[in-house]
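Quick heads-up: it's one chain on its own, the form predicted alone, in structure tokens.
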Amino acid sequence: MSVPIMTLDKVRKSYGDSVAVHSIDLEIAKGEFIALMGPSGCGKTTTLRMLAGLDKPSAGEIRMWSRVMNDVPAWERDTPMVWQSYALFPFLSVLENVEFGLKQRRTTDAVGRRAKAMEWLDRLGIAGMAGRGIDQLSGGQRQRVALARALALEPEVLLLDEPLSALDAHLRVRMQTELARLHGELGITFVYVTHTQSEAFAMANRIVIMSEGRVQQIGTPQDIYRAPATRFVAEFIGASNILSGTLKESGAGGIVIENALGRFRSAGATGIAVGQDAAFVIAADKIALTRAADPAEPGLDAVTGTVAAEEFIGAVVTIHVDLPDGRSMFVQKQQNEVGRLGLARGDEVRLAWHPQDTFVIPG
């Protein structure tokens, strides 16, 4: 088994009595694009700062390859960071900003530094701006300068702290594509912090979901989306419905959860005991939508309700449905599929799904 390029072994960070990160275990493979994601204050940026050497762990070990890095200062690590604010020097030109890290390392002469800086400005499409001041650049251009400055060092690991958060929506999507392209071309390990799931899902090979300093789930974007491990993950991703109840059966035949709406089955395994509170998760795009009067498809679990609202985002429509017990669910469908049903607010509809598409989580 190959040695991970970076390892967090029971890493903890506290500030006095306040614990920012609780005992994280994480292995990062060489060439991986891994995203740390969670709400503000979840500990993702603190974790990134410990990887960068800007904060020292209160307990545990951070290793790069097999070397313990806890006491290695930031300037001796091969882990440059691209900051949310870009942290560019306003008194230096674009070219001088990109040269800055190379100058600090003193690994080449002035001619070599300039050639390397220009190479990266050219690769990022801003070589024509080399002589400009930072205040003459747009947000997207500044972001590219910050990337060029970090990549000119040709690091083994690149750390990125919400680098796209200051950009408008259109430019953010363009830069996601650019980052994914660079990662594929360079083979550098990317560790990317974000609270925006569209960024993480579009670019990362693996995602680490954090909450209150603890890791909630680690998995591929598909794993996280289709099979959230905890209620927090399901609610944070926001792509699934959660129905709570009581676990009534658990065995070789599957799991049955009962609530005021009926009895619902799941093919998934669980450690929850019969009689305990439980919940199951259904992805919004895995739910079939029909009018309530239409014949029910055998073998599916289902609920009926009334259409409360429709949201249109491009070709996808999100339909919110009020259920008889006061809960609500939502379904995501292609616009042409919804158009064939001709639904309006207040219409009675049936929501149906296969039991194998549900995942049980603690209630």
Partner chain sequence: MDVTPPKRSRPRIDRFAVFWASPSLVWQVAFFVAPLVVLVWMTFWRVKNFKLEQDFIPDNWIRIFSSGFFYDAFLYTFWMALVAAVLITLIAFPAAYALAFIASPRTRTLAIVALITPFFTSYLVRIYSWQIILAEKGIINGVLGLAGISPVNIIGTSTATMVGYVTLALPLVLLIQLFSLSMVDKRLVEAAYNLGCGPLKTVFKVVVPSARVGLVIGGTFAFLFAFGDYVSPLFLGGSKPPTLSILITDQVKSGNNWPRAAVVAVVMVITLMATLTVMSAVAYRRRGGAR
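Positions refer to the first chain, counted from 1. This structure is a prediction, so every number in the text was calculated from the model and none was measured.
Another form exists, predicted together with its partner chain; not displayed. Remarks below refer to it.
Quick one: find which of 183 to 191, 235 to 243, 149 to 157, 289 to 297 has residues within 4.5 Å of its partner chain in the predicted complex by heavy atom distance.
-> Checking each option against the 4.5 Å cut-off leaves 149 to 157.
So which of D71, D109, D135, D277 gets a non-hydrogen atom within 4.5 Å of its partner chain in the predicted complex?
-> In short, D135.
Check each of A52, V316, A59, A29 and return the one that places a heavy atom within 4.5 angstroms of its partner chain in the predicted complex.
-> Of the listed residues, the single hit is A52.
Distance check, G101 to its partner chain in the predicted complex, heavy atom within 4.5 Å = Yes, G101 sits close enough to its partner chain in the predicted complex that at least one of its heavy atoms falls within 4.5 Å.
Looking at the partner-bound form in the predicted complex, is E96 within 4.5 Å of its partner chain by any heavy atom?
-> Yes, E96 lies within 4.5 Å of its partner chain in the predicted complex.
Does R105 make contact with its partner chain in the predicted complex, using a 4.5 Å heavy atom cut-off?
-> R105: contacts its partner chain in the predicted complex.
Can M210 be called a contact residue for its partner chain in the predicted complex at 4.5 Å between heavy atoms?
-> Close contact is absent here: in the predicted complex, M210 is far from its partner chain, nothing within 4.5 Å, heavy atoms only.
Kindly confirm or deny that P80, P90 and G140 each have some heavy atom within 4.5 angstroms of its partner chain in the predicted complex.
-> Checking in the predicted complex: P80, P90 and G140 are all within 4.5 Å of its partner chain.
Going by heavy atoms, what in 220 to 255 lies within 4.5 angstroms of its partner chain in the predicted complex?
-> If the 4.5 Å heavy-atom criterion is applied to its partner chain in the predicted complex, 220 to 255 yields nothing.
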